[in-house]
Structures are given as structure tokens and as C-alpha cells.
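Starting off, we have a lone chain in the form predicted on its own, written out as C-alpha cells.
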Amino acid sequence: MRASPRLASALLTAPLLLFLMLSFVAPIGAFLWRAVSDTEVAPVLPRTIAALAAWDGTVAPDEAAFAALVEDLRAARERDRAGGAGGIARAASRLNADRPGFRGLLPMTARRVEAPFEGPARAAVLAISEEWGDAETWGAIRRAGGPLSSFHVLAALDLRQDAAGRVRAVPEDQRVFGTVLARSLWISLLVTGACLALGWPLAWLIATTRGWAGTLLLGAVLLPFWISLVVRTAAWMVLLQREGVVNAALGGLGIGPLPLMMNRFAVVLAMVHILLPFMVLPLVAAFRGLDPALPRAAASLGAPPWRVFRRVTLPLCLPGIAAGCILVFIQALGFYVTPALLGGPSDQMLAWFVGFYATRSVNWGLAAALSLLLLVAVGVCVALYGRLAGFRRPGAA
């Protein structure tokens, strides 16, 4: 019995889909899972987290929570001495991300309560540090109880949860990521607009030039694909630095030296140069698919050139424009190397912060949350593109 064409197609594509799942989707999904996963504190302080389950978060908890904290810290110290993987240090690092000071507070308390003491645990713990009398200290422990947590996602949105569970905006002087996201969107829009303005006449020239000249122009657009992005960015560093080629030429004219690097101008200029081919190629395809008889027919009917462009040429080229804009915008939104090498501190985009928290501060949860924020932004852009481009499902009217 012969397999149906649909089943045969599914069997042929199954190896490729399996490869993509194992090498692409699964690693990215595992990384993004860290944005909501919270497992560092619960193995160290299980009794404390259980004791805080019914706590109202308004004032420091009762004696039971303090006694549970002492038991947990003593047990964790024994595990660490027996060859554990530093559970107290990991828990302190996670809690410190929520409430600074925990990196020293938790290990110090663990050392002090290890020796037996008389009297209530509350008095003994408060004698070690008055911070244990603050409700926010205990709120940080409860928020880290896991196994799932909204802490990193809220932090990526410049929000935080207080001890009582209410979500509030962080103080204005501590807001970072909202500004970074707005900056990333603005730079991406600026680069997309510049690529469209420069790519339109170049694509029109390529599409209307016949013979070897058109092939040569198209090859010049494709040539940057064969050169590494890092190499192209480094070339702009050579051109724009204070003693670079551009400032040397301006110096010969009695101008400068000008600050052409470590600013927004250098970032946008290099990004436009790198991403321009992604705008030109869809436009060339759109222009070559345009029937030249239609603009001529409109002109023969008395329409002036501007009306021919607005009513005939532009609507027919909109799919190519939309494709080029979405390609450039999405790639610009995730740029990392070029802003890092050519921009200043106020020019870094969201991808730079993902790299910073993943490699330098080793805060994988926040790095994953910022990546999730970037993924949502890209998803919104793709949805808007589908809406504006008039995508339809097969068979839809």
C-alpha cells in the first residue's frame, strides 16, 4: 500500500524537523526557561519557605520562621562541609540579586547560628543582624521559593514584587531596561528608515540596468555577505577613529578632528552599511516584478510623475518594501557587536545587556528574561508585518 503524498512529505521532512528541534528549538527553549525557573534557594531553605507560605508580608514573621531558618542553615552548612556544591553561596547570590546585602548576610548568619544557643531563635537571629527584622528580607526568600518565579521577568520590565506580593515599579533612578528597549526600538527604526532611503534608488538602478552592468551592481551588493560582520565593524573603527582615515582627510581640509566614534552616529552608520543589502534585495525583486507598462499607461492618461509613483508604483512595490523593512528591523533589534565596538554607554542595545548578564555577572535568569522580552518585541513586529502585508491563510477570502 502506497503512502499518501502528505505522509510521504512528512516523512521526508521529519529528519530536518528533528534536527532543528534538537539543535535550535530545544537549546533556546532551555535558556528561556531560566527566565521563570527559580531553583537555587528552595533546596537550601525548604523549611523557611514552607513557614513563610501563610505569612502576610507586612511585618517580620513569627518565631516559627526564625526557627526554620536556623534549622535550614545548620543543615546546609553540614552539606557544604560534606562536599556539597556550595548551596549557601548559590542561594545567597540569587537572593542578593533581589535584595543587595544577602551575599554577605546569609553566609554570616549560617556561621553564627551553627553553634548551639539558648533562648528563642528570633532573638538569636536578630542579634546577628537587624536586617532579619525587615519584612523585605523575608519577602526576598519567599519570592525565591520556586520552582517558578516572576522575579526575573518583572525585573526586565522595571517592576518588582514587595513582601506583601504587590507588584510595583522600581524607583525612577533604578529603571534601566525600559529605557534600553525604547533605545533599541528607536535605533532599529532609524536604521530601517535610512536603509529604505538609500536602498530604494540603488535597487531601482539595479533592477533597471541590463547586461553586465546590472550583474556587477548586484554583485557589489552581495559582496558584503562574504565578509565577517566583525571585520566590517573593525573597518569602520579604522575609518572613524580620531587618527583614522576620515579625520585625516578632514584634517587636510582644515576641519576636525571630529568625534566620529563611541556615539550614536557611528552605530547607526555601521549598522546601515551592514544591513543595507537586506533592504536592497527584496526591493530589487519587487522592482523586477513590476510591469513597466503600468506606469507608462498611467502617465499616458495624464497622471503626473508623483501621482504615478503614489498610485501605481508604490502600491505594487509594498510587499518588497515590507519584506525589506522587517528583515532590517528585526536584525537591527538584535545587534550586539557593532554597538559594543562603536557605541558609548548610552548607545548599547538590549542584546548587549543579555550578553552582559549571561557572561559577566552570570545572572542567567535576567539574561533569559531580557531575551524573552526581545523575542516578544520581534514577535509583535512580525505580527504587525503580517497585518500590514495582508497575509491570509490558505483558502481565506
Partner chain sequence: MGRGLIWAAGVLVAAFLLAPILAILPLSFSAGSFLFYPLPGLSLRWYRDFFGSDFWLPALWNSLVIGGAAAGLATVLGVPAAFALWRLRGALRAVVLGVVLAPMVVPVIVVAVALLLAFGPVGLVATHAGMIVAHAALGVPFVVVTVLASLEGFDAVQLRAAAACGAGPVRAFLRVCLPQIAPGVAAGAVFAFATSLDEVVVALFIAGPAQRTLPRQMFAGLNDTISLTTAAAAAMLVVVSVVLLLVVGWLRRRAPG
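These numbers come from a predicted model, not from an experiment. Numbering follows the first chain given and starts at 1.
Beyond the structure shown, there is the form predicted in complex with its partner chain, which is absent from this document and is the topic of what follows.
*asked:* If contact means a heavy atom within 4.5 Å, which one of 336-344, 37-45, 51-59, 66-74 is the stretch that engages its partner chain in the model of the complex?
replied: Comparing against its partner chain in the model of the complex, the contact stretch is 336-344.
**OP:** Let me know the one among Phe309, Phe117, Phe265, Trp204 whose heavy atoms come within 4.5 Å of its partner chain in the model of the complex, would you?
**Re:** For this set of options, the contacting one is Trp204.
Position in contact with its partner chain when the complex is considered in the model of the complex, options Ser129, Thr313, Ser150, Thr209, heavy atoms within 4.5 Å
Filtering the options by heavy-atom distance leaves Thr209.
**Prompt:** Does Gln241 reach its partner chain in the model of the complex if we count a contact as any heavy atom within 4.5 Å?
**Reply:** Gln241: contacts its partner chain in the model of the complex.
Is Ala299 close to its partner chain in the model of the complex, meaning a heavy atom pair under 4.5 Å apart or at it? Answer no; every heavy atom of Ala299 is more than 4.5 Å from its partner chain in the model of the complex.
Would you please decide whether Arg112 lies within 4.5 angstroms of its partner chain in the model of the complex, comparing each non-hydrogen atom pair?
So Arg112 does not count as contacting its partner chain.
Is the gap between Ala155 and its partner chain in the model of the complex 4.5 Å or less for some heavy atom pair? Taking the distances in the model of the complex, the answer for Ala155 is no, it never comes within 4.5 Å of its partner chain.
Item to check | Trp236, Val245 and His273 all contacting its partner chain in the model of the complex, non-hydrogen atom within 4.5 Å | outcome: Yes.
Go through 345-381 residue by residue and record those having a heavy atom within 4.5 Å of its partner chain in the model of the complex; state none if no residue qualifies. Ala351, Val354, Gly355, Ala358, Thr359, Trp364, Ser371, Leu374, Leu375, Val378 sit within 4.5 Å of the partner.
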